[in-house]
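This document opens with one chain alone, in structure tokens, the form predicted alone.
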Amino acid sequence: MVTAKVWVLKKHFEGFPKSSDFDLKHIELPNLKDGELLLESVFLSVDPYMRPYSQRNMKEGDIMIGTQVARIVESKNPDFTVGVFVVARSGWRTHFISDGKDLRALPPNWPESLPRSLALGTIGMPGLTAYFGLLEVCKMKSGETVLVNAAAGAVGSVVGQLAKIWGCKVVGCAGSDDKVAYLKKIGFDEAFNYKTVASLDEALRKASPDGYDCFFDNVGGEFTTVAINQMKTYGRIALCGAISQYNDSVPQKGPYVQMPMIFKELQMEGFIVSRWNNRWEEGLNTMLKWVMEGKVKCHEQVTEGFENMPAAFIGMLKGENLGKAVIKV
């Protein structure tokens, strides 16, 4: 019998998550039945969406939601071979049993030289969030100006690089000088530290005096209020996340967006990347190609040890990570 370690949601988060909100448990897994697989997690992901989704979809005592790259260690399913690596959405677990229906194999042309953890980042859900958000929601065109906040994170850093590939000017903001330096290193035209500028409005205006055609919003809140007033006529806003509001105990109030939306004739659309599940292979193959060609750079914040998952999750929500935050088991 295999004993799996799992992190459960001990107590729903009140405000910012705390280590005491999680509980580490050990679960004995049963022997495999015909058609089943035993997998061990190699890398696990922590992502901002886990904060609002835990409140929305989980009960206290549930295993924390999340995604991992896992290796098949035993198989009674003829469609899956021992040793193969897959992406699964099985939560914060070291080992788990699957019937194979919830697994997604890494692209068959994945090179040995490339870290498999990237299947949780640039060549995975965050990368495809950037890809489809820009392509299908922002509908950006070459020569336009794109604004992205939380630009040094797993999604934002890819947004900026993809926009450059497609011939756009890119402005990004982040929460430290080191992150700003990284954004400039990977090709952002303009980048600034939103925590140290005297005025966010002035910083945005200085970065692009003519305004913005596309705004890829990962933050929400005050930033969106300021940015929306600097959109060009017929501008498009992709609402990807609202990390500035995830840990609020009391919901934020207005101001309201109707006036600038009307007079600038803007389009604002929220989206979840699973809308394009039928095009997942297209996105993965494109991102893999661009990473291998060096057109898209990847940075990972790797935390060693399954026992450190809550700390990595909390650190990610505080903005301590540069690029994608992953845990190596």
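What you see is a predicted model; the values in this text were computed from it and never measured. A residue's number is simply how far along the shown sequence it sits, counting from 1.
Separately, the form predicted together with a small molecule exists; it is not shown, and the next lines address it.
Asker: Does the small molecule come within 4.5 Å of a heavy atom in each of Lys179, Cys240 and Leu317 in the model of the complex?
Answerer: Result yes, every residue of the spot touches the small molecule.
Asker: Can you tell me if Phe132 lies within 4.5 angstroms of the small molecule in the model of the complex, counting non-hydrogen atoms only?
Answerer: No, no contact at 4.5 Å.
Asker: Trp290: heavy atom within 4.5 Å of the small molecule in the model of the complex?
Answerer: Close contact is absent here: in the model of the complex, Trp290 is far from the small molecule, nothing within 4.5 Å, heavy atoms only.
Asker: Do Gly153 and the small molecule come within 4.5 Å of each other in the model of the complex, heavy atoms counted?
Answerer: Looking in the model of the complex, residue contacts with the small molecule include Gly153, since a heavy atom lies within 4.5 Å.
Asker: Taking the small molecule as it sits in the model of the complex, is Gly175 in contact with it (heavy atom to heavy atom, 4.5 Å or less)?
Answerer: Flag for Gly175 set to yes.
Asker: Which listed residue (Val226, Met125, Ile186, Ile97) meets the criterion of a heavy atom within 4.5 Å of the small molecule in the model of the complex?
Answerer: Exactly one residue meets the criterion: Met125.
Asker: Sort through Val302, Ile272, Met261, Leu29 and report the residue having a heavy atom within 4.5 Å of the small molecule in the model of the complex.
Answerer: Result of the distance check: Ile272.
Asker: Counting only non-hydrogen atoms, choose the one of 211-219, 73-81, 253-261, 226-234 that falls within 4.5 Å of the small molecule in the model of the complex.
Answerer: One stretch meets the cut-off, namely 211-219.
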